[in-house]
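Below you'll find only one chain, the form predicted on its own, shown as structure tokens.
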């Protein structure tokens, strides 16, 4: 037996992890079998054990907001932020408030974006940048898009500035990094509704609250990437800077920051994409724009118009992603000393010239300033008709009806009922047994603590419905995504195509995944699972491809020389070595599923997402925080176990 084939479990005392886990599993099974004779207090926690966390937290938030005067601080911030948002709104779509500066014609933005794209990535990127805005204008969605962008152009720079500042402090001070680490872990697993309600309560409903929620949502990756980049700076570069007599500020500005440029710009890319994703979701708190229109169209089942808006959001996401990624790889251009200013800033001047010329053209030709309703090329009604025609095809109806029946009656409902049937102690022991098998006593205690918190909130059943949805979707995504990744990894051409599809799918706003689910299955559990499944397949497929392609060629050649068949080589060499990378994809799939299950509350669920959505209407901040904590600790439980397994697996394979 080799290290590739097996990993001996670590031992605690005289019992291995596997044997202790088996004992815990057996105890959990005995408790479940004994359910008919158990007292009610051992099936679900008695009411006296469930403390009134929501009222306590609500009282604390009210004290901080009113008695300590935080509301006055936030209102002051709101005034300043509102002025900036009014300014960007006036410039981009002509918001009728002071200062009256806009709107800019769509043709001018097309020209400037085209020049920016050409400077960053050549003709192809120029066409993507300019073409995206042309589509947005001629399809009749320009004002909606500019309402969305007016928040992004404010939120993204603020999130970057705060993230870089906190990242520098975390890099300089170990205590700051240690303190930030758990906070960032929680922030990255909290459901988005938990960001929305505090923003509404402490800031004004609409763009201001949307900007605040978006900034907080987007900061964590910027902090992490800044810290990572500064830590990776080569000691040789640092030594050269110190030998030149640089001050501490000069070292940071001229040595560390340029050397960490790539990682910092990767953080900027992630901030931009998270800002776009969150701004779309802030439609729930009155943020106008593409997200609000998409929400309204989906609510009235106008799927054709929803599809058009979805395409616009995707194109903007792809454009922003490609531009920011091109910025990452673009190296600074150096000019000879004494070069003319116009030569050094040629593309800046070209962009200004394109902007001015097209602004004058728009002044002469009104179509290039604004595309009216009767002039746009929207085909929402026609798409609606085509969708309904396709869905009325007998073969498609028969297939979707059979899938809905089979999954509901044979898989989903029995699985859900089984999880809900388990006594709370039995379920916690089962989760702890799995954690003990993977990571030993510490992991088991962590998982028991996490699920104990869920039980003590009083939202156990709703949490288990959420968990059942996530597990069902991830299992189905695994069944489909891993074979697809294995197939793609064997062919360079298909690998490139499927990775491109994964890149594109990751830029889709989460609402988009609800559209095909509703179209095919209506509003039920199958639609919820299907929408999560599509979203979760992306990281599973991507990391399977990357894991298999990362297997050393020497080992696959050795397997070929030993006479292994393709299947034997896959099962005994490639997959065992690729599993740590694939586990990262599995971890991301679970995180994506927890995020998407909250979105899916829009089409009707009975889980935590539905309850979180209701808190927005009642301003129940305490309850909102409790529900968000339940989602967060369940996500963190999976994250802990998978990360521990990956660490141990890499150690066993000698990949540390």
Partner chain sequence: MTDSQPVISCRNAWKIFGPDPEQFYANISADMSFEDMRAQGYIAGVRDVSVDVAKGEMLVIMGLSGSGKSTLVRCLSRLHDITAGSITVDGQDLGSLSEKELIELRRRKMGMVFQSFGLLPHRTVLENVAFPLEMRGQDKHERRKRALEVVELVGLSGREEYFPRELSGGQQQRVGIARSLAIEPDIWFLDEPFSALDPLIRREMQDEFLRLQEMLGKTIVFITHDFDEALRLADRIAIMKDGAVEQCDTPDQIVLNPATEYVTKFTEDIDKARVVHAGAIAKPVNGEPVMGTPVSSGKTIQDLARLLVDDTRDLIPVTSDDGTIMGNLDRVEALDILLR
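Positions refer to the first chain, counted from 1. In this text, all values refer to a predicted model and were calculated from it rather than measured experimentally.
Keep in mind that the form predicted in complex with its partner chain is missing from the display, and what follows is about it.
Its partner chain is not drawn, but in the predicted complex it has a heavy atom within 4.5 Å of residue 241. Put simply, residue 420 is far from its partner chain in the predicted complex: not one heavy atom of it is within 4.5 Å. Residue 335 belongs to the set of residues with a heavy atom inside 4.5 Å of its partner chain in the predicted complex. The closest heavy atom approach of residue 344 to its partner chain in the predicted complex falls within 4.5 Å. Only one of 199-207, 223-231, 537-545, 244-252 lies within 4.5 Å of its partner chain in the predicted complex by heavy atoms, and it is 244-252. 258 is the sole member of 182, 258, 157, 550 with a non-hydrogen atom within 4.5 Å of its partner chain in the predicted complex. Proximity to its partner chain in the predicted complex, defined as a heavy atom within 4.5 Å, holds among 73, 555, 79, 237 only for 237.
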